[in-house]
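What follows is a single chain, given as structure tokens, in the form predicted alone.
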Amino acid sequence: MNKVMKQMLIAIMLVAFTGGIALAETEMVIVSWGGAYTMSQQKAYHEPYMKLHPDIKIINDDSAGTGAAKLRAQVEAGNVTWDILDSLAADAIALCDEGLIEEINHDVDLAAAPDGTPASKDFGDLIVCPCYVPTIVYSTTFGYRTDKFATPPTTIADVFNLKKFPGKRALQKSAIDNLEWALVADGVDVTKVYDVLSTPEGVDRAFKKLDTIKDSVVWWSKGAQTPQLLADGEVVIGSTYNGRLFQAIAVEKQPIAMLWDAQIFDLDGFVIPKGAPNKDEALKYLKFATDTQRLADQAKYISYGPARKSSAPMVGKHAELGIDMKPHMPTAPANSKRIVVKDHMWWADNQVELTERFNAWLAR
């Protein structure tokens, strides 16, 4: 090999080598919830996106449970390290009002439906604020041990009935959802919950009902805790996200069943923090990850309903189990006979005050 050819070969190798370094340079941090949920995002969104964009490496951060508070702290410190945050709708409304997350032009920044329907119409009223891109409709509901009761619980009132259904309960360490359930268990119609909670007497009534089971509650802070507590027999009934219970029942074959009564419908979705280090890349990712196909693909791995209307007909079988996922969705007719539709604006306005009262109540 002559000198010129050697020099050319070295040059080609250097280009390839430095190109390889450049391809791995952009690390995009996406904050989500961990466990089966992050896994579903990894399979449906992250891996396909990184395959299309080998210069992007997605880093998962599982601290979405405290995401709003941590984002506020990052902004205050002037050190935002996240590119995308997976957020509940009420948190997104508050963060948007505070100017801590970016506004999204849904019809420019997001993909249209396959038939050309603009994203804003495809998502419809699930776009609860200008900064939010909804991805899933999920519910927080109850699971129970199938081997602990001769007659299984069927209503939310049964969760509060320690005499008929003895044993420990698992509830989230939060005012949200628990106040709604307490009122429904006390006889309030699911469509009137927030009317009642909007009065001092209604709040008192909810806490009084929670008092009846307080000493029998194990409090959780992460959605994975309740399925584990149920599997270990430490509780007999517990609340968590329906996808977590699906994982325990259908995948792990635990002796657990779903109690769908008074499930609380909620939204989860993406926001971009103000000052995100890779804002432009985050927008490109959102356009891909929230298109019709990708949202339908996520339902192959977890039982959450896609937020786009155009995605719903594409929901099919579980990618590994081969079972039809439609009956396992919280929106399935058999599961949604009596539901509480979370009022995101109400919680955005009242969360701080009721969280303070809830924490004081817990400490007593």
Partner chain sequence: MTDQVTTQEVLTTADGVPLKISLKRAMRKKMITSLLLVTPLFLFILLTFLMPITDMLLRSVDNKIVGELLPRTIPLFSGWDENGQELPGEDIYRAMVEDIKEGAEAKTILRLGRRLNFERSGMSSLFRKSARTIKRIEQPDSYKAAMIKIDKRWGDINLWRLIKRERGSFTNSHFLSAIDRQSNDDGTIGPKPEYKQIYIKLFVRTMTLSLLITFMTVLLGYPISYLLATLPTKISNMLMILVLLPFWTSLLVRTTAWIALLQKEGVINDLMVAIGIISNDHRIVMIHNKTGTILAMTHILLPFMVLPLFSVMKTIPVSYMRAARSLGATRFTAFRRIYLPNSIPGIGAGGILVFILAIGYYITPELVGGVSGTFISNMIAYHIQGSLNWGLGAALGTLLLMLVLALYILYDKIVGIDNMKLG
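As the structure is a computational prediction, the values presented were derived from the model and not from experiment. Residue numbers count along the first chain shown, from 1.
Keep in mind the form predicted in complex with its partner chain is missing from the figure; the text below concerns it.
Novice: Closest heavy atom of residue 94 to its partner chain in the predicted bound form, within 4.5 Å or not?
Specialist: It does: once its partner chain is placed as it appears in the predicted bound form, residue 94 has a heavy atom within 4.5 Å of it.
Novice: Indicate whether its partner chain has at least one heavy atom within 4.5 Å of a heavy atom of residue 152 in the predicted bound form.
Specialist: Output for residue 152 is no: heavy atoms all beyond 4.5 Å of its partner chain.
Novice: According to a 4.5 angstroms non-hydrogen atom cut-off, is residue 173 in contact with its partner chain in the predicted bound form?
Specialist: Output for residue 173 is yes: heavy atoms within 4.5 Å of its partner chain.
Novice: When the contact criterion is heavy atoms within 4.5 Å, does residue 68 count as touching its partner chain in the predicted bound form?
Specialist: Contact check for residue 68: yes, within 4.5 Å of its partner chain in the predicted bound form.
Novice: Can you pick the one in 146, 221, 120, 161 that has a heavy atom within 4.5 Å of its partner chain in the predicted bound form?
Specialist: None of the others qualify; the residue that does is 221.
Novice: Ok, 233, 124, 255, 166: which has a heavy atom sitting within 4.5 Å of its partner chain in the predicted bound form?
Specialist: When its partner chain is considered in the predicted bound form, the option within 4.5 Å is 233.
Novice: Among 189-197, 280-288, 244-252, 70-78, which stretch has residues with heavy atoms no more than 4.5 Å from its partner chain in the predicted bound form?
Specialist: Every other range fails; the passing one is 70-78.
Novice: Can you name the residues of 327-359 that have a heavy atom within 4.5 Å of its partner chain in the predicted bound form?
Specialist: Heavy-atom contacts to its partner chain in the predicted bound form: 345, 348, 349, 350, 351, 352, 353, 355, 356, 357, 359.
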